[in-house]
Every structure is written in structure tokens, then in C-alpha cells.
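A lone chain, given as C-alpha cells: the form predicted alone.
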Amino acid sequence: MAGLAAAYELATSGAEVIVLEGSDRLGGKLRLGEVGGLTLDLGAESILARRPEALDLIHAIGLDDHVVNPQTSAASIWTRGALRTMPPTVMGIPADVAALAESGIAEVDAHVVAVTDEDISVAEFVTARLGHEVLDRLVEPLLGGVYAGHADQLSLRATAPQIAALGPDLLAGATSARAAATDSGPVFAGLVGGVGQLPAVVAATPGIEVRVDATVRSVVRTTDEWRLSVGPTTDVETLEVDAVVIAAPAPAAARLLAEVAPEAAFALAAIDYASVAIVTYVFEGQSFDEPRAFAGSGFLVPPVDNTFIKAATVSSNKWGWVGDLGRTVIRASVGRAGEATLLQHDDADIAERALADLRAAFGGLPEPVDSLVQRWGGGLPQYDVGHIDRVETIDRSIASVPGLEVCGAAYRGVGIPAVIASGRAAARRLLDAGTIKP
């Protein structure tokens, strides 16, 4: 999506753009697929609405009438043997101690500790101020839902600056932040028909040529342009272009940049990735014996509870357009950083184990009409401690090479608005530098 956003910015500014996609489809982690006769999102299904970039692009391409907000945002934590209502938090930091106590999720061990500018892990920062239970049962599952990472490795400054901003007394800071918050509208948005339709609509912008199954094998800087080697080794095509935006994941970007920007390549090679899977289930009807299970949008699971799944979403509750399809749709998320062996099971085993967890959490479910396992190998970059410094190194290295930019989830955010912002900003830098010849 970052690459398509860059292509859109360039094409609408008058440039001729070729999008070279190594796989057989566009869209990265945005994907539609059929499960039980329904067309559903198999990747990301939510857009952060409090950042403008994604909704701005959706408006620009004419999809405004597809934008919807969740019907419910009520979520639970599945822990200590029960689904427990999630109390108000700021990225897992309790903003209502009474509600936390009533939930039975965790106990607080509060201390006031000064905040420094040092980049430390989220775990180190939180446990020093609130103890292990808040970290393990609130912060960890929230971070796992976004990054599929672990709080003892993830950078506080890169992944949870909202927590750092609460100050030395986290409880007081979170309570104040909640009291000061104004109603700025829904936190999330989606698209009727699925967020996965966004890539194709962007790619249809006049001036954008798309080639799939077009692996880029090398990127070489000549005197005043760029030479790309594209395609299979038995039939390599050479393209000569004015500028290049590399929107590949960090490992692939590192390989392509090894000769032209070695310092950036070295920093990119240090970014790890987590592999995850989304299991989508479709059940007949919308009325089960256990109504408690379907009162909200879903639940998160703390890693300390040692379950197979890390989260579940009742999509037919969350999104009105999914509910209108007449069936119950539940998505289960599997996989965290360092747990690649989990995904070595075959699809049937993953679906069976995830369903067993769903049944344990919800108190029973019927047999699904259909299910589908969508694997996202190396899907989520890990913003470990030191990530901000790595990105600054990459920026300096790339800036020294005329006509070259990078963008994507590996840099300053993994959500849809963040990667769209990354792509459009990369394109704008090329346009402002005058390296593109419309």
C-alpha cells in the first residue's frame, strides 16, 4: 500500500509511473478473499480514523460513500479463565483504576519514576512504574495486536510514545489524558466491501502502469538515471527510469540497496519481522446459545495465558456490512515475534487449534460453514529498541543518493494511514527535488 500511495502521488502530479510487484497480486497486507461464499478482508480490516492520511486518499479516489465506522468498540481481555471487559486505557495503561479492579484483569503495583530521553523497551518503562501484571495482561496484548511483538524488545519511543508522554506517574497521566480527551469521533473506520478493495482502486489511477510477477533483481545508479533489472533470471528486462521508490519490506530493500546505499542497507538488515496468520470462520446464522460471546467486537489474549490465538474479532458484530451478510464471521489471529514454529502447522491444524481456543473463550461454538487460513509470513516489522536511530541512519543514507526514496511499514508506523503517509511523502520529496521529468 505504501508503494501504491507513492505511485498515486507521482501520477497525479504528472509523472509516468511503473509499479513493479514481485508477487502475483497488488496490495500487500490488504487482501480480499472468499470464505463460505462471502467476500471478506483476509488481512487488515480497520483503518485508524484519527490519522487523516488514509481517509484523505479514500476521499481523493472517490470511495467516500464506502466509509463506515465500527458498530461496537467494546472489547474484552480473555485472561484468568474468563472474558473480562477491558477497562479504559492509554495503550494498556489503566485510565480508571476502579474499572480495572472490577474487571479482575490485573493488580497495579504503582511507583513514580522519572522519565528520561533514553530509548528503552516498553517492558522496562512500564514495569518500573506499574509492575508486571499491567504489563503482562494489558500492555502486552495491545502491543501484540498491533506489532505481534514482545514488550521486552519493542522500543518505547517507536511503538508507544503515548505511554512515555504520560510522565513519571503513569496512572495519574492516563487518568488526566482520558479526562482531557475530547470526542473527536470514532477511532477506526472501514470500507463496505472490505478495506482490501483499496489497492485496486488506487492502482487504476491514470498514469500508473502495474506489472505483477515482476521481481526487481537489481537497482543501479548510472550517470543521470537508474537502471533496473526486472523479471526471471532466464528473461531479464532492463528498465531505465528517472527515479526509484523502493517500497519493499526491509530484507528485500536491504538487498536492493546494498550497492547504491550500503549504510541504509545495513540498517534495514537489522530490522526483524514477525510472521502471523489470520483464520477467518463463517458460521451459519447469527444467534448462538451464548450471547455473552457476541456482545462486543472481540477480545485480546495476554501471552502469559499460553493460548494458541492472540486475539479474536467478531467481524459480523464490528462491521454492519458484514453483519448484513446474514452469517456470523469471526477472525482469530495467531503468531507473535519468535513464534514462527506455530505457523509450521498445516492449515487444517491451525484452524482446528484456533477454533478450540475460540470455543473455550466463548463457551462453545457450532461447526463453521467454512474457514480460511491466511498466512502473512514476515508480515510485521519489529520496532525494537534503537529503531528510531536506525531509521535516521536510513534517512541520511538515502538522502545522499539523488532520485532514490524508500517507504513502507519498516520505518515510521505499520498501520494503513502510516504507510500511506510514508509513500506519499517519499514521492513528494522526489517531486520537490526536481528529479522527476513529467
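This one's a predicted model, so the numbers in the text were calculated from it and none came from an experiment. Just count from 1 along the sequence shown to find any residue number.
The discussion below concerns the form predicted in complex with a small molecule, not included here.
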Contact at A2, W376 and G408 by the small molecule in the predicted complex, all three, heavy atom at most 4.5 Å: yes
Contacting member of T215, S176, T205, S73, with respect to the small molecule in the predicted complex [4.5 Å, heavy atom]: T215
Only one of L154, A267, V276, V322 comes within 4.5 Å of the small molecule in the predicted complex by heavy atoms, so just point that one out. V276
Out of 365-373, 395-403, 65-73, 408-416, where are the residues with a heavy atom within 4.5 Å of the small molecule in the predicted complex? 408-416
So, Q382 and the small molecule: in the predicted complex, are they within 4.5 Å at any heavy atom pair? no
With a cut-off of 4.5 Å between heavy atoms, is L20 one of the residues that contacts the small molecule in the predicted complex? yes
Does the small molecule get within 4.5 angstroms of any non-hydrogen atom of A248 in the predicted complex? yes
Proximity of E53 to the small molecule in the predicted complex, heavy atoms at 4.5 Å: no
